[in-house]
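The form predicted alone is given below as one chain in structure tokens.
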């Protein structure tokens, strides 16, 4: 008979129990052991730091956009990549003699801010409505389902463009929704539906579990059950959708800016760079388009791969896989 090797808990003799890891601790452990996830997370963090540079500079009273726009070099208009002026010209110059590298970095600030602000509105909204619909059910559920079904019936790009046009010239409490705030809100309104559906389905499953039924028997109110027992167990869905929604927001901003209805004219963004490059290509000036597309490709790739690894790490069904 073959011998079976049994590994004993070193604390078993002392009567101590080894505490288990929570979902969040286990997810962090899985992510930190995943070299691919860490590499692409580092890329995302580099973009975040680049995006924070103009913001920090503005806090210090220095406007990087104005400085970049004023730093024009007439001798290098539409000049290709060069090292004659150091790193400033490594990606070439635009038609006004401005550094394409500077425009690409400032465009990262625009895209990352759009991705963050749109999702900081959309994800909590989707989670709130999804949790309420899934837990309360009945007419409340029917109404919320009707709302997101109505939004889902309209093609996303058409709805996005319609909302953006509707905000044109609208000012509320001193906030001009024809500019960046309107873009944030338009992207949020069109991107909360997926989060709402997932959270609703998960909440409907969780409300039938024993620990929720036990809380009801103990006399705990519906709102407190939703807050204390349901919300923490659907939080991972919001985190995953936040990371994946970043990609969609960046792509939508680029698309809207290309159509001249995205960020305001004169604001450096990857979409505006692509829009301006369509005439440059006829003259063989490819570097502005390549810089914008390359920067967007890298950050979208990094967010997609890291988001997939984050989803796998936070999925309880995959906790004991591998």
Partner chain sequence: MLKFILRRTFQSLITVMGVMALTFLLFNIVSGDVSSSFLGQHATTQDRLAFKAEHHLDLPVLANIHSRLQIEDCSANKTLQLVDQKGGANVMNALGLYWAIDRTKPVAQKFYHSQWVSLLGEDTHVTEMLVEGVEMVDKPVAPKPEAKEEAKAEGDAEKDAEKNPAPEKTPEAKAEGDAEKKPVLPAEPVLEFRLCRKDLMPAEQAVLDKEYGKTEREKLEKAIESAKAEHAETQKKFKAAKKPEVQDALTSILAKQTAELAKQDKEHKEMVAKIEAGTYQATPLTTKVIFAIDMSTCKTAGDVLAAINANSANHGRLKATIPSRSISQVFTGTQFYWHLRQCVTFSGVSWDSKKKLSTLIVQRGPYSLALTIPGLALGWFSAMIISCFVAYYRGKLVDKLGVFLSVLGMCIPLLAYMIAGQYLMFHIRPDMAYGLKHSYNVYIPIFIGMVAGLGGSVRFYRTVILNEVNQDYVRTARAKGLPLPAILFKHVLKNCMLPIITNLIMILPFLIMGNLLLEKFFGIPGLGGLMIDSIQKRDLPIINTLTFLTAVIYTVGLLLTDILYAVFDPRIRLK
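Treat the numbers as computed from the prediction; the structure is a model and nothing was measured. Positions refer to the first chain, counted from 1.
We do not show the form predicted in complex with the partner chain, though everything after this point is about it.
- Shown alone, this chain has one stretch from 130 to 138, 90 to 98, 104 to 112, 167 to 175 that lies within 4.5 Å of the partner chain in the predicted bound form by heavy atoms: 167 to 175.
- Between the options 70, 282, 42, 56, the residue in contact with the partner chain in the predicted bound form by a heavy atom within 4.5 angstroms is 282.
- Checked against the partner chain in the predicted bound form, the residues 31, 255, 52, 46 give one hit for a heavy atom within 4.5 Å, which is 255.
- Within this chain, residue 259 lines the site of the partner chain in the predicted bound form, having a heavy atom no more than 4.5 Å away.
- Using a 4.5 angstroms limit between non-hydrogen atoms, residue 278 touches the partner chain in the predicted bound form.
- The partner chain is not shown here, and in the predicted bound form it never comes within 4.5 Å of any heavy atom of residue 37.
- Remark: residue 296 counts among the residues lining the partner chain in the predicted bound form, judged by a heavy atom distance of 4.5 Å or less.
- Along 147 to 182, a non-hydrogen atom within 4.5 Å of the partner chain in the predicted bound form is carried by 149, 150, 151, 152, 153, 154, 155, 157, 158, 159, 161, 162, 163, 165, 166, 167, 170, in order along the sequence.
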